[in-house]
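First, one chain by itself in structure tokens, the form predicted on its own.
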Amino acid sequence: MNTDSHRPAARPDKKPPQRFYRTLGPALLALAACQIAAPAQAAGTNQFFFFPAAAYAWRSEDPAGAARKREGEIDLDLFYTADRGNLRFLAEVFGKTDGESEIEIERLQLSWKLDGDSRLWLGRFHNPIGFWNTDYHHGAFLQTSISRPGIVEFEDDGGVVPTHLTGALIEGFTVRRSAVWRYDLALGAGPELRSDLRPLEIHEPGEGSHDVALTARLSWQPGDSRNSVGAFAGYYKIPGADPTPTDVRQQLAGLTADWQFGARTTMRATAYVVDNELSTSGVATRDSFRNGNLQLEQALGAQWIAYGRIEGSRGADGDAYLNLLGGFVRERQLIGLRYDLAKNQAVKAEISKVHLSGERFDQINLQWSAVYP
């Protein structure tokens, strides 16, 4: 399957936010569009996947472990694609309950196959900044680990770079001397800066202020291997709104590698350089930080995978932009274990040491995830 991560349930007397109701109708329309497209199966292909997940997290609130925090979360992710001739439709609707209910149209894309092996997408899509944001999506079963690296967390989970764009995306590949070169070029509307990053909601195009976002990526795959190395760069104008009336011009560049050694060992690594220029009341501040992460995975038989990841940043503590977003994971070291109950279910456990802005704690994560059918 090729498709491109924790708090208590809501109390009965606590009403979901208005955002939930504003998104529910368009999300149902998106699902209805999936069903309307289904008859095209005679002339094309359709794929529908349901990704449920349940997670629990425990963490110490200070180095001494005097205060503790427990969180639970239930996620439901619906993913659908339909092909008919040169047309392809993709929709992803994600919902979760973690003290409040939330539902999002994460992706809604329509594409046309161009000449050769390239395709033009229009709609809301995942920003092509490394394999974490394109090979994996909101369906937790797909990725080996429970968590994603902090640098590519989704916007409402503490992300500090745009992970969703709305506009146009050209993607494709070419074969040269038995190697595959893949390319992506994205141009669209990026997020708005409030207390966190807010990507444009495709069902509310007039909501908030959104400006230009541009990303390019090139990767290389040798022969028939799934291994790849690549580079990417992006430029984003991020308007500020209350309670953070600060405009940001963000530039990033990075290198990524996804490499398998033998049949059991996999390495996934990404390095970023991010420049942030803030403008508040006509006063500009410019900072830069670097971030890197390395994840190693070791298969232990047919059903077990042990893994570990390290993440680190340089220059993050003094970055004025990051100080506006306290949820960014500056450093983390974790080890984890995944067990596949069946072909479509997995349980995972992670133990980690986490450093946020001015906060350090130990954390234990547990998760059950699945995919149907």
Partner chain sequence: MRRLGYVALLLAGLLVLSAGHALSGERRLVLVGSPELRSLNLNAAEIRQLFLGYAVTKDNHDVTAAINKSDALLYEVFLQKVIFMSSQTYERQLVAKVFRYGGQLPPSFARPEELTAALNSRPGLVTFMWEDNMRQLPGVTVVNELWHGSIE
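Computed from a predicted model, the values in this text were never measured in an experiment. Positions refer to the first chain, counted from 1.
What comes next is about the form predicted in complex with its partner chain, which is not displayed.
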Lys96: touches its partner chain in the predicted bound form, heavy atom cutoff 4.5 angstroms:
no
Arg338 within 4.5 Å of its partner chain in the predicted bound form, heavy atoms
yes
How about Ile305 - does it come within 4.5 Å of its partner chain in the predicted bound form, if we only consider non-hydrogen atoms?
yes
According to a 4.5 angstroms non-hydrogen atom cut-off, is Ser178 in contact with its partner chain in the predicted bound form?
yes
Considering non-hydrogen atoms and a 4.5 Å limit, which listed residue (Phe289, Trp121, Phe154, Phe232) is close to its partner chain in the predicted bound form?
Trp121
May I ask whether Glu100, Pro205 and Tyr236 all come within 4.5 angstroms of its partner chain in the predicted bound form, judged by heavy atoms?
no
Contact stretch among 341-349, 52-60, 321-329, 308-316 - heavy atom within 4.5 Å of its partner chain in the predicted bound form
341-349
Would you mind checking 138-163 for residues with a heavy atom within 4.5 Å of its partner chain in the predicted bound form?
His138, Gly139, Phe141, Leu142, Gln143, Thr144
